[in-house]
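Below are two forms of the same protein chain, given as structure tokens: structure 1, then structure 2.
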Structure 1
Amino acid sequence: MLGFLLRRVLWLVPVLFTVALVTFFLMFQAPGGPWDSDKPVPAATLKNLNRKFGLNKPRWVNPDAVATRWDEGSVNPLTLGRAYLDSQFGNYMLGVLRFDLGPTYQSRGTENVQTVIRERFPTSAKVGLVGIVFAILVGLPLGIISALRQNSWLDYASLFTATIGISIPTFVSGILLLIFLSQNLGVSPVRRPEEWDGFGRAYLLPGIVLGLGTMAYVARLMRSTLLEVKRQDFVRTARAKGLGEGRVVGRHMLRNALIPVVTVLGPAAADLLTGSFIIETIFSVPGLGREFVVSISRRDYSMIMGTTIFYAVLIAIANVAVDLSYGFIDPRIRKKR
């Protein structure tokens, strides 16, 4: 078990490195730069800014620095290696290893990316949390009722709801819901900034809209796996030995039907925590997703890199956690390892 966990975590290192590499490469293909503004910036200021953020260094590796050091008489391979990596990418990745995601370009260096993430991510996470809780609290019962009353009108109604929920993109349902609420019920879509502090009602609407798709997915999956489990021999055995319906469903059917649901809940949770760019834009949530979208148009390189790596780590952790959770739910898998 421990060996498995260790292998999984170690494998994350090259994966995350590749993610960083690809993002870094793509990011600089975009035209324009972080210092573009309406007013022309004096050349001297630009030079200073570029030096401050290390943009004057070569992008990937710095062989010139090695040559300089060599000429100075340095033969220490560590010094030379560090000089070789004295580049934009090298310095950035060395910073990441020290959990330093660098200063944001937007703040001209007075604010760090990790500070912004620490400030903004809780808001996104709260929206995501509402979404997950909604998905589980509504999706699971919907799927269970469907499966237990298969082919009843209840089954058809919940299946239809789930299909609608799974196929309509959240940003469309969010927009339509927003129009409906504000035009017919007089709910103002605009929230005061302080409403996002703490855990208030403001999170309800974006959270539910964000969770709609997952809710529908959970309901459909729960239904189909439960229908499969229903016909298994061990369920018949449980009934035959005289267990009550509640125990049969709760202890024998649900426990076995939950595995596929947990499999999708992990990545879905990561998706909900990270994938709210659009929802945050529509509902003007001051979260990390919107910050990311804005940072892209500002060419805030360190913010783009920082958010991407942060999200990739989150997703990776969620996937590992799912793998681990199999063992807790299903002892058969635990033994196999």
Structure 2
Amino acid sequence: MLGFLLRRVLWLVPVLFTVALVTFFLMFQAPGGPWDSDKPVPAATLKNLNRKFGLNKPRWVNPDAVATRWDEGSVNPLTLGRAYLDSQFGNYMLGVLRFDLGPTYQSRGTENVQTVIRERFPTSAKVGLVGIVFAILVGLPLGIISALRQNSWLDYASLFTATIGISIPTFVSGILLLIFLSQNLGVSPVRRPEEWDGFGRAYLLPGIVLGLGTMAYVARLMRSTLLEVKRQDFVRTARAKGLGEGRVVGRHMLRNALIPVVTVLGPAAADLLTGSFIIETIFSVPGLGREFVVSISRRDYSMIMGTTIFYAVLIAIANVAVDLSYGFIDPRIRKKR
């Protein structure tokens, strides 16, 4: 198990490097820059800003810096290597290795990306946690009941609920809930900024809306996998041995049916925890998802790179956790490792 964990952790290095490389390449394909505004920036100010944030250097590699070091007589391989990587991408990746995601361009360097993530991510994580709990507590029972009562009215009701949850986009369901609560119940779902400081009922409505799609998908996946397991020979054998229905379902059917569901829940949990720009915008949630999309429109390159790598790390960790959970659900998988 330890060797398996070590291999999976080492695989995260090329994955994260590839994510950073693709993100860096794509964000520079968009027109504009971080200093664009309605009022033109003077050329001297623009030059100073580019020099301050390293945007005056080449994007990928810097052969001119190597030539300068060579002319100065500094021919140490380590020195030449650092000079060659003295570029925008190279310097950013070196900063990532030092756990430094750089300053945000919109704050002109007065605020770091780590500070923004540290302040914004807990709010998104709380909304996502409500969504995960809702998806599990509602989706799993719906799928189980639907499979065990196949072709009954409970099955049809569960399928109808899951279909509605998958079919309706979150921005539609969120707006409909806002209209319904405000016009019919006289409740204002829009919260004051101080209400997001704790972990109260302000997170309930956006979390439920965020978790609707995941809940529906979990319910449908649980139903299909449980129906497949239900027809297996070992289930019929367990019933023939005289085991009670609760024990057959709990110990034999659910443990085998949960593996596909856990596979989906890992990345889905990371996705919910990182927040949703649409939900955070509708419910005025001061989370990281909203900050990430705003940074794209502002061409805040360091913020784009920092949040993307942060999201990639969360998803990668979730996938590793899913792989490890397989061994606890099915002992046969643990023995193969």
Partner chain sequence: MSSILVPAAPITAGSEPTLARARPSRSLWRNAWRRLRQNKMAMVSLGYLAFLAVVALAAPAIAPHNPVQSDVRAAGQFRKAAWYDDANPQRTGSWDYPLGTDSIGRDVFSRLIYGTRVSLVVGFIPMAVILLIGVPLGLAAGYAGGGVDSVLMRITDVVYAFPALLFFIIVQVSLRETALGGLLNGLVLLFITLSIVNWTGVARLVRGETLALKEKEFVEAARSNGAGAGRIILRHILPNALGPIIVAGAFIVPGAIISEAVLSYLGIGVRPDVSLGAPFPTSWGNMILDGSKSWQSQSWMLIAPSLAVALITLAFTFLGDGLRDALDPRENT
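In this text, the rigid core denotes the largest set of C-alpha atoms whose superposition between the two forms falls within 1.5 Å. Quantities reported herein were computed from a predicted structural model and do not represent experimental measurements. Each residue is numbered by where it sits in the sequence of structure 1, with counting from 1.
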Here the form predicted on its own is displayed as structure 2
Comparing forms between structures 1 and 2, one rigid part turns on the other, and of Met222, Ser124, Ala216, Ala268 the hinge is at Ser124
Rounded to the whole degree, the smaller rigid unit turns between structures 1 and 2 by 9
When only the core is superposed, Arg239 shows a C-alpha shift between structures 1 and 2 in angstrom of 4.8
After superposing on the rigid core, the Cα of Leu227 moves between structures 1 and 2 by an amount in angstrom of 3.1
